[in-house]
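Structure 1 and structure 2, given next as structure tokens, are two forms of the same protein chain, each shown alone.
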Structure 1
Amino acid sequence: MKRRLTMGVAAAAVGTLLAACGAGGPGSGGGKISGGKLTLGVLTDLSGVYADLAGNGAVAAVQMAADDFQKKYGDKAVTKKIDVIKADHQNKPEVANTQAREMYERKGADALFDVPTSSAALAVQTVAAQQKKLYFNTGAATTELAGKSCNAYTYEWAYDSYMLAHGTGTQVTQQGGKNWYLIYPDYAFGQDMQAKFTPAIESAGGRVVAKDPTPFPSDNYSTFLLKAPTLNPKPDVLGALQAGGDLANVVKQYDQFKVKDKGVQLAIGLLFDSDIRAIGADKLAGTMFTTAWFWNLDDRSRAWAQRFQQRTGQLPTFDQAADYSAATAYLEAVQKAGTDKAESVSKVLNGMTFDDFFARNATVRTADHRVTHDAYLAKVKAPAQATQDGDYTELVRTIPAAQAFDKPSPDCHLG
């Protein structure tokens, strides 16, 4: 039976839902909460190039989910105590491995969330399977997480490189950007982005005339930016597949070296509101990009974003919104299962359909634990178009869930 959960800002009528599914409330899953409490771990970048798009904002989002869950259920909650803990993986897979083990084993984390940086996410995914604990990825884009590296304990909640490539790569090529020069960070995320953008561009009638890996992280992209207009054939588009602080450096130096004036347009693979804020909307105005969500999409999104801003002093990125969505879904599944045993919680999640402020028309695919949902082709507003601070994004079109994500990989065997 498929289960439908609605996780908006206002609480849904969960009692009706649970009755429709044939069970509900604490203890209905025949288990219990280990240690008498739930511990949600946020493993993120607290100090590096992805700290603004994830970081302490991700921690705040998960804490909001815990607070809202407790307020909603009160004495009927499966547990009265939910702790939220955090750690910094420093964008290093070996550190992520160590921190994940520490959080699962010594700090008692029942589930981990966030984890930007694909190499770090792949390390955490392995630890989750070894520990038989759940991990909800919202920050990493590599398709390997739901492909050859998939496992029964990992869920892909927000986005991936296929979604980004088949939105932006296809659209920009169809609009006339036929020849591309791709630069990508030389680690799992960038390698996967390059591998997905290339066929998306080619299938739309374009070609990649050159591609170069770049150091990660880096503050100097002059070699690649100066190279772009000298290539033969000359590219129409520079595809910058960096993210976070690295992307900000690319764009600032693209402007500094006047690459646009030399006939090479800029396309961006992954863009967060925090990036636009750091770079400046004036420098990015008109830039097309694909996103999983943006805060001023509609009234539901704005309502949650305003609550987040009241708590943190800043508007949320889609990574942070996804953390709230994933943490809420996890807590609701624990409530339904009556236990924090990972296998029992997964039985509730697998095949679930839902529609919350973040993920529209969403389904948790049983085959690979990829959450499919609507995505959005968008462009950066010129500052004069903004209605308030942080109003950066204009919707171009909605990409339906069935088109936004690839079909399940034949390399995924959940076991």
Structure 2
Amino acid sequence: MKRRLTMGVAAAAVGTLLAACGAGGPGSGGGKISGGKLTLGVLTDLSGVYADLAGNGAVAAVQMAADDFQKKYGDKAVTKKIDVIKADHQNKPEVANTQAREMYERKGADALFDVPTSSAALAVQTVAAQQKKLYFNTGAATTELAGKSCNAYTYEWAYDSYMLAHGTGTQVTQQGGKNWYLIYPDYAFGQDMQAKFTPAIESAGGRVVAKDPTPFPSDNYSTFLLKAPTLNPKPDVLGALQAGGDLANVVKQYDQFKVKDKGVQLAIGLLFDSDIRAIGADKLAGTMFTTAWFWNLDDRSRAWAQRFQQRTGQLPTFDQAADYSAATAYLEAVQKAGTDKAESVSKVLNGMTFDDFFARNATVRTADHRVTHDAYLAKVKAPAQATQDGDYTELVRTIPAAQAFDKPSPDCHLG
């Protein structure tokens, strides 16, 4: 598996290199790399709901990127020493805030990666700007990171709620699911998803017959499941925008209330492999959802997934794959810039187009630091079709990078 890293504008790179050399003022001492080494920090959830999705697998992915980088460049590498450090944010924003500061300030982290949970990611984003160090988000879904809260030090590498909602809403409607009944948990994530699903469905020629907020958290969805087939016109699709434990409740009860037999298909806003494992692939077989990547996508993905599995004993999630992709891009950018100064590295990254096993047809947008790349409408495989344990996902169609993500938000002004 070879990584291709093509520069968008070669001249920009030359300019950046010159600028980087010029920027090596008195503070940077002898080497261009502060402290003579690079430190990559993985701030993640090691114990909570996202520990499977990100967690130690994310740490392993970043470590793998560092190892591959050193193997590739050997003596020509900008530094011979790359440390990977980790911390647990427990999905609590204040812990994320303190840990991020501590990693940047005291442990010398040059860049942070991962950070699932939107509130934690938003907190880390602020710290990154204060410390003038880079942060690559792969774990959090809120579009606010590249919208109202965006800043010059943060990059969004993997996915966001627009990608999830727009992909599923548009594609499922185009495939014949014209009438929708949306149920969304009544909190920021659910409200945000609903606000993005509805226009996606309508612009694809579909109709939202009804939409109901559901209590969060809740363990009883019978009200909505009984209501679904009685609506007029009868919906073709039940769009469930719940996540985690709530989603497991919806699906278990969708199954018991036999809503599918009454002609209402299930589409899901946010579905991770860990959710499929928790709910059972048999209950979810045929359910459509949008994902940023899955390991069984093609040979390139499988090759990387196999290496990852040899290291960790588990198959990678899209978040972990995105961590590898982001860490590799960061290291390559440092190599090109010849310094770990955030502003210089940023100049290399901005506007870059690339294509790796994770991000296909990818562009690092200069305007808001979102990385656009192909996304995938997928459905859950029936257990009988799975080739091996952990093979849950089947590609329905590829959503081209240009359509997968929203255009840059007018609220974003990179400082």
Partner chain sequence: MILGLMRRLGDRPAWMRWGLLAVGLAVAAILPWVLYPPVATDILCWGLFAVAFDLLLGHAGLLSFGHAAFWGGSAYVTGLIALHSGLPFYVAVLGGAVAAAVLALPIGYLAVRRSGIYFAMITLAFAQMVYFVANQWSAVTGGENGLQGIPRNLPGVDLSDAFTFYYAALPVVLLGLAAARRIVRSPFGRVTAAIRDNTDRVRALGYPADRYKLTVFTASAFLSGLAGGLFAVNHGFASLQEVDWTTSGKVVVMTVLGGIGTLWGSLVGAAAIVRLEDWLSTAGFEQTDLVTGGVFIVVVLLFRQGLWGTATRLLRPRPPAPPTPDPAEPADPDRTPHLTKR
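Residues are numbered by position in structure 1's sequence, first residue being 1. Heads up, when I say rigid core I mean the largest set of C-alphas that superpose within 1.5 Å between the two forms. Quick caveat: nothing in here was measured; it's all calculated off a predicted structure.
- Note: the form predicted on its own is the first of the two, structure 1.
- Put simply, the chain has two rigid parts that turn between structure 1 and structure 2, and the hinge between them is at L284, picked from L284, A96, Q125, A111.
- Of the two rigid parts that make up the chain, the smaller rotates 21° against the larger between structure 1 and structure 2.
- CA movement of A195 between structure 1 and structure 2 equals 3.4 Å, with the two forms superposed on the rigid core.
- If you overlay the core, the Cα of L247 moves by 4.1 Å between structure 1 and structure 2.
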